[in-house]
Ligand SMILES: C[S@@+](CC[C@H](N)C(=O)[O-])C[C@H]1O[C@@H](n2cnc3c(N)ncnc32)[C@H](O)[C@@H]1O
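Take a look at this single chain, the form predicted alone, given in structure tokens.
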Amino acid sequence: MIGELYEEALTGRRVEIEDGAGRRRPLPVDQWRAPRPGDAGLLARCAGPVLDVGSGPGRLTVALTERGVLALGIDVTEHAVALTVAAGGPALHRDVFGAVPGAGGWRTVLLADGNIGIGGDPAALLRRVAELRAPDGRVLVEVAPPGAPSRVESVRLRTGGAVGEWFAWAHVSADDVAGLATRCGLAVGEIWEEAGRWFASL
């Protein structure tokens, strides 16, 4: 049901995220489709080949491709992959914890738009993407602003009478990303802010 409701959101239907306290907010699909303020600095730091993890409808994969940077998006939703391909970006239907082509050879791995939260275990995710990057590669991560709490929450998607299953999602603060990186055998090379968004290069 998670994938089905996510696909519905990508087709334009209003889908909400609900947390354990019953609070709801719209799934921000529109932010994932079109270029966002803050993307420029992130894209400028990407050296190819780039693996865009949780690429969604593919705005970053497509933008890199248009710049002549070799990039590949991976997403767990087939419709998201189809949208990326239709827009001119290469993408595959893959889970980052499964078989990913080019493992150990990606010079940049992207975890944008809060995708450090995938799986609800940011340490496990960073260890996995560290395996996927090249020895001289880096991971570019979007994080929560300084002062925001790092946390794991249970959320689910819902629209109309359809309700998805609960799943874990993590949030990592810019204050805590260095410690997290160290535990995963990585180091912070840079933390920057652009257009109210915060990022780290690991």
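Start at 1 and count along the sequence shown; that's the residue number. Predicted model, so just to flag it, every value in this text is computed and none were measured.
Unshown form predicted in complex with the named molecule; subsequent notes refer to it.
Site residues 56, 95 and 115 are all in contact with the named molecule in the model of the complex, judged by any heavy atom within 4.5 Å.
Distance criterion of 4.5 Å from any heavy atom to the named molecule in the model of the complex singles out 76 from the list 130, 87, 76, 124.
Looking at 131-139, 64-72, 156-164, 47-55, the stretch with residues near the named molecule in the model of the complex, meaning non-hydrogen atoms within 4.5 angstroms, turns out to be 47-55. The named molecule is not drawn, but in the model of the complex it has no heavy atom within 4.5 Å of residue 198. Applying a 4.5 Å heavy atom cutoff to the named molecule in the model of the complex picks out 169 as the lone residue from 154-175.
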